[in-house]
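As C-alpha cells, one chain now follows by itself in the form predicted alone.
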C-alpha cells in the first residue's frame, strides 16, 4: 500500500533523538530495521525514517516533543494489528511500544493494568489465573491499547459491554511532551476521546481496567455448512439470544486444519466462535438452536476456562489483507454467501458479530464509540497467504465489490476494522467527530499523531 499523507514532513534530528531517549533507535539499513517495520498486514510495506523502541513514558514524551518541534509525524506501533497498517508510515518516525509491554493483576482490588504493547493474550492469561477477565477482542496477538482505543468488541461484549466500559484510567503522553493520568474526573474530555477515538489525541502508555469475575464459560467453536438460509437463520438466533451469549461468525472457505474433515477443505463453511458467560445449563440451551441449524462439521464447544479462548495462534501469520467494515440493521445473507463463493481473490471471508445487550445500554455520547444501538457488525475481507505474490489492488477491489453487493458501502464502521481506503468519518457520527476534533485541537494542534484513522484538529 502507498505511504499515508504527510509522509514528506521534515525529518526529525536523529542525533538529538538519540541523546533524548534511553531506548533503541533504528534507522534504514540498521540490523533489525526490516523486521521492526513489519506489521500484521503483509500488504503494508512502508519505510519509516526511524524506529524508536521506547523504554518508558519519558522516552515517549521526549520523542513527541522533538517531533512536534520538527513538524515530523509519529506513527505508533503497539500490537501491529491495524488492518490499515497504521503502526508504520513512510518517512515518519515509528514509536514502537513493544519493549514497554507488561501486565499487572491485582485480584483483591479486581484491577488489571496493561502497559505499552501488552497483548490481549498476555493480559487474559494473567487475569485468568485468578478467575478474572476484562473483555477485549477475540485474538491473542492484538495489543490491548489498540483494542481499547477503538472501543473493544469481543467475546464478552453482549454480557458485559465494550472494553472501554471498564477502563478506569490511563496514562497518556500528549504531543507537548506531558505525561498525564486521565480518568472521568481528571481531563474528562481526553478520557472520553480515548474510549473509541482511535488514539488521535495522545499515546497511551498504561491502561487500568476493572476486572470481572469471569472464570468458567461455555465456549469454543462450531463449524457448520454454509448457505444463505443457514446464515440468515443464524443471525436471527444470535441477535435474539440471551445476553450471556456472544457470537462471532465467519463465512469462509474451510481451511485445511485438523478439526475439519479433509472432504470439507476449501468448501464454504460458517465458523462460529462463541462464549456463554453464565450458568452452564443455560449456556447449552442458548447454543442448542445454533447446533440445530445443521449437522455440525465440527463441534468444539465445551465448558472451559475463559482464558482458553485466547490460547494458541489467533489466525494466519502475516497475510496480505484488504478489509471493509460496517454496522448494519440487517444482513443480506445471499449477497454475503455469494461473495464468499465467487470472489476471485485467494481467500474471501465475511464476519458477522451480533451486538446489542450491554453494549446498547450505555448512552451513545458517553464514549467516542457512538454506535451503541447497532444490532450487527459485518466485515468483508480478502486475503492472500502469500504476500510476495499478492495483488493488493485486486484484494481491495474484491472487498469494495462485495461490500457494495451486500448493501454495506458507505455505512458507518468500527474504527478498529476500517480498511485503509475507508474514511475516518465512517467511524463517527458528525457530533462525535466534531467533539473529537475539538479534543485534537487542544492536545495535538500540530497533528503530530496523524498516521492513524486521522481526526484533524478543529479549525
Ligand SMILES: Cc1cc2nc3c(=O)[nH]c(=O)nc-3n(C[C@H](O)[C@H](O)[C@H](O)COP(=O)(O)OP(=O)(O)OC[C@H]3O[C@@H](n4cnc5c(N)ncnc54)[C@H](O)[C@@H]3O)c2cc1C
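Numbering follows the first chain given and starts at 1. Every value quoted in this text rests on a predicted model; they were computed, and no experiment measured them.
As for the form predicted in complex with this ligand, it is not shown, yet the points below apply to it.
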query	finding
4.5 Å heavy atom contact, residue 175 to this ligand in the predicted complex	no
Contact test in the predicted complex: residue 277 vs this ligand, heavy atoms, 4.5 Å	no
is_contact(residue 345, this ligand) in the predicted complex, heavy atom dist at most 4.5 Å	no
Partner contact for residue 428 in the predicted complex: this ligand, 4.5 angstroms, heavy atom	no
This ligand: the contacting residue among 384, 122, 139, 227 in the predicted complex [heavy atom, 4.5 Å]	139
Selected contact from 81, 160, 307, 195, since only one has a non-hydrogen atom within 4.5 angstroms of this ligand in the predicted complex	81
Contact segment among 255 to 263, 178 to 186, 131 to 139, 385 to 393, judged by heavy atoms lying within 4.5 Å of this ligand in the predicted complex	131 to 139
Candidate spot 97, 145 and 452, all three touching this ligand in the predicted complex (heavy atom, 4.5 Å)	yes
Within 395 to 415, the residues that have a heavy atom no more than 4.5 Å from this ligand in the predicted complex	414
